[in-house]
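Just one chain is shown here, as structure tokens, and it is the form predicted on its own.
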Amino acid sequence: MDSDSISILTSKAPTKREEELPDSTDALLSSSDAPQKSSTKSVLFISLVLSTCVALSAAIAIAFLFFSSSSSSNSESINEVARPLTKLKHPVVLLISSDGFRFGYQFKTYTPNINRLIKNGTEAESGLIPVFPTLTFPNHYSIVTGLYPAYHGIINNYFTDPETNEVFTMASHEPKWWLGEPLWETVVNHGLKASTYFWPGSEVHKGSWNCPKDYCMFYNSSVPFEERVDTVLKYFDLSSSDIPSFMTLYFEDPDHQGHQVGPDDPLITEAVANIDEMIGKLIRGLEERGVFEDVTVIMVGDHGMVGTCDKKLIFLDDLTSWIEIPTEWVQYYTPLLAICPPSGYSPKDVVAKMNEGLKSGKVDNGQYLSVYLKEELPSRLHYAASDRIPPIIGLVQEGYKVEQKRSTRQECGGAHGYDNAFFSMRTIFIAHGPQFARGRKVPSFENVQIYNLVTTILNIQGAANNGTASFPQSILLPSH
């Protein structure tokens, strides 16, 4: 305290009663009570100073304990190193996809097994960011190649090659469609074994990968989830040299239910609980074999889910006053509108007329659709550098859908494919294994980073990709 503060504390303004006392009383106070009053003031002042010092000391002590504890925790995290393998002879990565597992689904019900991975592993705190478009095939292939769809070629679930007019579907296994180098091919290139229990692109004979018998399962949605888990577990019964270094495991749920009923229905809760049971079955199987702590389990989804309903529809036929968009121009309606007008039509003019109509206020829900030339899309979408991408792309606002014409068909369910900036499109990233810190939360990141993460764990050189070379160091524990 400075001298002015002390002066303020020790001075005392006269009360109204003191001001009204007669002069004789004033004299008496000044002669007999003054010493006592002065002493009382001193005691009060000293008490105030002491109590202030005690409070200040307590605050300092608490702050010291808090910061020293925080510092100790940070120090432990910094000093923590990757744990050595105890039974396996080489690193093994098991990449699990739960299709359409929107970030937040893990809180819908009791998920003890997923929570165990989170508690003892590393999680993207606000979810994994999918690539655009937030569809199944583009995202699954981005996860295993580290490439954006414009570079790995799978730009949609369905699309047309502009040169040959051939149509890609989810049953197309010709290598010409699938660009880049998926993880199973990278692993085999290094003399290691890989296995795939369903994953888009895994059935394609490409490079050194020929989808080997017993190590590559052809997609069949009717195979029970339990059987898929059992098959993966059996790989760990092989001799050490025959255990695949990289494995994939795929579940269609909860995407299947999400399309039927949207993200908030009890069916989703049931599906999430079932996925958790499958994770529990897997963990128990690995523990019985004594390898759970050795295996790196990475659990992801490919995209999120949002509810849709008929009242949120946009009809292209409502634009006929400005421009007619025939069905044969449209490669994909929703939530990613993809239009390829024939030669003789200027894509720029088509975009201008469509946007004029959409912004006129005369088209139902028109304000929720924005149409672009692909090269004018936001650069963050990375959705221009491929001839396979149609020249005109429409971005639909969250929860809205595009259709050609009005109908009486009723539809309420769920959809994905929207702008990957929407939080509803986020999915999960949970990793448990020797090189992941226990109970750690990391910032959200795009799924193109996973390729480099896996190759780093396996200590192999990956192919060129759109991920960041330094990303693995930001999330993995140091080796020493």
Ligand code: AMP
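Residues carry their position along the shown sequence, with the first being 1. Please read these numbers as outputs of a predicted model, since none were measured by experiment.
A second form of this protein, the form predicted in complex with this ligand, is not displayed here; the remarks below concern that form.
- A residue is said to contact a partner when one of its heavy atoms sits within 4.5 Å of a partner heavy atom; residue 400 fails this definition for this ligand in the model of the complex, lying far away.
- Although the partner is absent here, residue 99 is a contact residue: one of its heavy atoms lies within 4.5 angstroms of this ligand in the model of the complex.
- The shortest heavy atom separation between residue 170 and this ligand in the model of the complex is within 4.5 Å.
- Within 4.5 Å of any heavy atom of this ligand in the model of the complex lies no heavy atom of residue 123.
- Put simply, of 250, 246, 159, 141 only one has a heavy atom within 4.5 Å of this ligand in the model of the complex, and it is 250.
- When you look in the model of the complex, the only residue of 276, 203, 265, 318 with a non-hydrogen atom within 4.5 Å of this ligand is 203.
- Remark: of stretches 320-328, 353-361, 85-93, 195-203, the one touching this ligand in the model of the complex is 195-203 (heavy atom within 4.5 Å).
- Applying a 4.5 Å heavy atom cutoff to this ligand in the model of the complex picks out 135, 136, 137, 157 from 129-159, in order along the sequence.
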